[in-house]
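Have a look below at one chain only, the form predicted alone, in structure tokens format.
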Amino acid sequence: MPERVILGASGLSVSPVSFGTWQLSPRFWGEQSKTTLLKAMRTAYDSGINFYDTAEAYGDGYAEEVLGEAIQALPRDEIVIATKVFNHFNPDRTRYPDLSPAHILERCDLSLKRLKTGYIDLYLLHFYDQLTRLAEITETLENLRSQGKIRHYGVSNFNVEQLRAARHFGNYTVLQPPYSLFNTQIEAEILPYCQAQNIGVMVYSPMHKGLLSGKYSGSESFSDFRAFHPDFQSDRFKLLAGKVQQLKPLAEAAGVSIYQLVLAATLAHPSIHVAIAGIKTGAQIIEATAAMRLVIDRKTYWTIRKILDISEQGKPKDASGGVK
């Protein structure tokens, strides 16, 4: 049987690894092969993945379109799709926050059209919109749910107080925050709250933009957005990449790759249900899938955390700056 977890109070039965589609955003990752990605999405399903994460912000709807094409060959009742709403898109491709009720209704219909599906399993507010009342947002989401257009709703990138406030108005059952073993800030407040409230947690960027994959020495250069990311710059990049390489003996002893070791350690946290893997090829999703069955014991887990700890040099920053 495929590996499955229950995503908190949503009750959704999902694979612990989700196929992420942020890489279909050209302004961050450059152009990707659509054919290769379509094959990878099918390989994911064949390998035991049933959970696909996207957003209309990824390529201004392009990621949803590609995923919509891919799922036509898959049994809809066996897969779970999450997408997100937040932006008002201008004709010149600029954008600004807009979670006003009318805008949410409009964007949901467009997402359904791009995804070529009659319903969205999990609809997330991509960021917090301070200009729209949470009561109005929640009423709109409840209307979409009663119409059968969405099954469950949640939030992404909310802090603990924003999440607590949202839940005062409605049944927000899932949170999608940034998290990696280089970026563990949410362990202090958000994750304990989610565990206590049975909120499903699906973390994004668990490999820290690829830095935790073990494939970098610290001397590489990048043509995508990482060319401007502080964790991929000069001495800091070398420091972090060097830390990751120190995991190699642990990975070899377990008979796995560094990527699989880190992904399994991420999923070992009791508050984290799902790790979203940014996938570009079928080989990558097969590697990620294997991590779902890897059990990390307590001693190994804390050895990994100690190796990756650079607190004495200052905490690494997640410099996505809200761009995801």
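Residues carry their position along the shown sequence, with the first being 1. Note that the structure is a prediction, hence the values are computed from the model and not measured.
Here the subject shifts to the form predicted together with a small molecule, a form of this protein not shown in this document.
- Of the heavy atoms in Lys209, some are within 4.5 Å of the small molecule in the model of the complex.
- When the small molecule is considered in the model of the complex, His152 lies well away from it, no heavy atom lying within 4.5 Å.
- For Asp53, a non-hydrogen atom is located within 4.5 Å of the small molecule in the model of the complex, even though that partner is not displayed.
- The small molecule is not drawn, but in the model of the complex it has a heavy atom within 4.5 Å of Lys280.
- Heavy atoms within 4.5 Å of the small molecule in the model of the complex belong, among the stretches 66 to 74, 37 to 45, 283 to 291, 265 to 273, to residues of 283 to 291.
- Contact check at 4.5 Å (heavy atoms) against the small molecule in the model of the complex: none of Thr83, Tyr123 and Phe158 pass.
- The partner is absent here; in the model of the complex, the one residue of Lys243, Arg226, Arg114, Arg236 having a heavy atom within 4.5 Å of the small molecule is Arg226.
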